[in-house]
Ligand code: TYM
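Take a look at this one chain, the form predicted on its own, written out in structure tokens.
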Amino acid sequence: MKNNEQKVMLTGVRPSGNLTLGNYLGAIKNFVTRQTKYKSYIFIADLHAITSPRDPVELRVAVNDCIAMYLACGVDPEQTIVFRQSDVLEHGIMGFIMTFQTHMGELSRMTQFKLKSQNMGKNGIDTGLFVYPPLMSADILLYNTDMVPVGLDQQQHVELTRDLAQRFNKRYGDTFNEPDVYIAPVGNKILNLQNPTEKMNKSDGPNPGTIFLMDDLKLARKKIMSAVTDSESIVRFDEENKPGISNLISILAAITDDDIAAIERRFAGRGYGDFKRAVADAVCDLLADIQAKYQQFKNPAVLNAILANGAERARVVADETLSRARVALGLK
């Protein structure tokens, strides 16, 4: 199904708010470090952003902010095709096609749907919240993707994509590549600093348990220093019995690329104060670098040029894949 030997890596981001440290360590960093080894795509998922009502002006601002932030984090538009999802109309058509390959039971079991619909009444659940996973699958399949770097919480969506690709291929012939998920061994699920049983979420707002990439450095340091730990005072990785400390160890290891065991040895007998200060230093150094680069990239003319070029390049591949699917279905 592929026209070249180079493997394809793709990721998308929904412009739903300020990116968190968890977004960076769980997915963005893994993408950036691998973008030269793959034919790489990254897109701003603005169609996913309207699965619930969204203010149009706020959405346009969020899209530009999101692109600037990804560039600040190291995404290179010379190496990676960067585009806006809605600029490539094939996404919507393929999403519609993939919806027909999906069972209602599969969608109702999706973790994001179950979590977000818990506090909604029956009449308050938008259809978009229910059916967006097939669109996410279309996003991936359109580019013959081999690998999708995600955080642990997004693994289920890539698994659904594989299932839909296999189902379509079995019904209509060999059409789609079946993607693999890449989950970093360290930092794949950064947890809330105040409640280390939940992930660090973009929708947490001013929650002191979430570190945003645009947080004031003093505030970020305060959040680290006030993170929930335990009474043992031993820096040891034990997710079951020491979730708070384990979360901080994961953050430090993911930022510095140090081995977890090496971090445990480094802070043996030093207590939580020294350890938290080291984590805070690493986090603040990272944020300071990203924030400085973000200001350089926040230029609408530059961003629009990058998006226009990326959409043009993406559209060529997306059109070819959609045409192949339409032929398989008997639509062309």
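All residue numbers refer to positions in the sequence shown, first residue = 1. Predicted model only: the values in this text are computed from it and were never measured.
Although not depicted, the form predicted together with the ligand is the subject of the following passage.
At the 4.5 Å threshold, heavy atoms of N188 reach the ligand in the predicted bound form. Contact between I67 and the ligand in the predicted bound form is not found at the 4.5 Å heavy atom cutoff. Under a 4.5 angstroms non-hydrogen atom cutoff, the ligand in the predicted bound form has G12 among its neighbouring residues.
Shown alone here, M200 lies within 4.5 Å of the ligand in the predicted bound form, counting heavy atoms only. Proximity to the ligand in the predicted bound form holds for all of A45, M136 and D139, with the criterion being a heavy atom within 4.5 Å. The contact residue chosen from G151, G209, G74, G244 relative to the ligand in the predicted bound form is G151, the criterion being a non-hydrogen atom within 4.5 angstroms. Residues placing heavy atoms within 4.5 Å of the ligand in the predicted bound form fall in a single listed stretch, namely 153 to 161, out of 153 to 161, 170 to 178, 96 to 104, 248 to 256. Residues are counted as partner-facing when one of their heavy atoms sits within 4.5 Å of the ligand in the predicted bound form; in 21 to 44 these are G22, N23, G26, A27, F43, in sequence order.
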